[in-house]
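Presented as structure tokens, the chain that follows is alone, the form predicted on its own.
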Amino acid sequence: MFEYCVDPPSLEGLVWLSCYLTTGKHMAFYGAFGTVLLLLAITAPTALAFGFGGAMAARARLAPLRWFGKGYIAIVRGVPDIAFFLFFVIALDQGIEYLRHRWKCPEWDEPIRQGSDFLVCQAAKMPLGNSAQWVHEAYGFSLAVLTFAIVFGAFAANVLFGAMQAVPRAQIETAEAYGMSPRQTFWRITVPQMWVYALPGLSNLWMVLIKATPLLFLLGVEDIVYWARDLGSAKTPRFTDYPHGDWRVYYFLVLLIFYLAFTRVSEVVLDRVMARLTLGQATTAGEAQRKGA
């Protein structure tokens, strides 16, 4: 990046370090922090939408829909996250390619599954082999977001289902006495009041989601864990202009500080949201606020 970085072997001290920390790989490392934040920004509302849909399905009067909602919650919560991540990404990717293969290559007469290989025509590949690098990265990131949303959506569904059940029955009966329909009661009474009961569980789920972002590394996305391991590994003059020993402990220390700082900021924000939601509510926190006032 700097003009004095033309001849790395001749550099020493802070000058060498400034050149080392501004290489192309380090820029990708810094950009990977943005990838993690983008994943959280997209996954959190998507998982919440999955959770809300799952909770509504679990409370549905129609038995098949209710079984689907409760099955979704039970199955996803009962499978270890890492196993589901590794399975679902492969299954989803192959499922998309299989459907595209049937549509684009109907004349194909060879078996798709040949031993341990999954073979489809070139036109069905996702993404295409001649696609730009950003297309491959965007496709992998999209699969990761969907997988995260489905997994954490099941946990959110369980939290929201319990929160809906926690809304005082007297509130529902009052709404019915005023002539509200079940739909009006749900959207005007249950949904606005359930958040105060759901937020503690959703707060914990948000923290778990932050801690789970290193799983991007397992999904093939070049995240901060990938770059920390790659950059921190011992380098020799034969393979790099900036040789060094095993510095992984320093890189992972940076990740430790990043996650601790981010979770601390999240705790402060969530505490303020909780204080806002409990204001005037008939809960322990709301009663404490009333007495304090």
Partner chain sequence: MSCLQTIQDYGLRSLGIGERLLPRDNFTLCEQVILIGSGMIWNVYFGVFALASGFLLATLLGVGKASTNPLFRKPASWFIFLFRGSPLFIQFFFGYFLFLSLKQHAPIFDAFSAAWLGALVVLFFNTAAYTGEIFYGALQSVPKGDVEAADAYGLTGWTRFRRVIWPTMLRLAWPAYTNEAIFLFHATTLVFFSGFPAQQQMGDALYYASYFADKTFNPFIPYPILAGYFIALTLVIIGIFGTINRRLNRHLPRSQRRKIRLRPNLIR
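Residue numbers count along the first chain shown, from 1. Computed from a prediction, not measured in an experiment: that's the story for all the values here.
We do not show the form predicted together with the partner chain, though everything after this point is about it.
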* Exactly one of Ala177, Ala170, Ala132, Ala91 has a non-hydrogen atom within 4.5 Å of the partner chain in the model of the complex; which residue is it? -> Ala91
* Identify which of Arg188, Lys211, His136, Arg100 has a heavy atom within 4.5 Å of the partner chain in the model of the complex; exactly one of them does. => Lys211
* Even though the partner chain is not shown here, does it sit in the model of the complex so that Val6, Tyr20 and His26 each have a heavy atom within 4.5 Å? -> no
* Asked: Since the chain is shown here on its own, which stretch among 191-199, 102-110, 177-185, 218-226 would lie within 4.5 Å of the partner chain in the model of the complex, judged by heavy atoms?
  -> 218-226
* Would Arg66 count as a contact of the partner chain in the model of the complex, using a 4.5 angstroms cut-off between non-hydrogen atoms? -> no
* Any non-hydrogen atom of His244 within 4.5 angstroms of the partner chain in the model of the complex -> no
* Asked: Within a 4.5 Å heavy atom cut-off, is Phe141 in contact with the partner chain in the model of the complex?
  -> no
* Asked: Taking 4.5 angstroms as the cut-off for heavy atoms, does Asn204 touch the partner chain in the model of the complex?
  -> yes
* Structure fact -> Across 133-154, the residues having a non-hydrogen atom within 4.5 Å of the partner chain in the model of the complex turn out to be Phe152
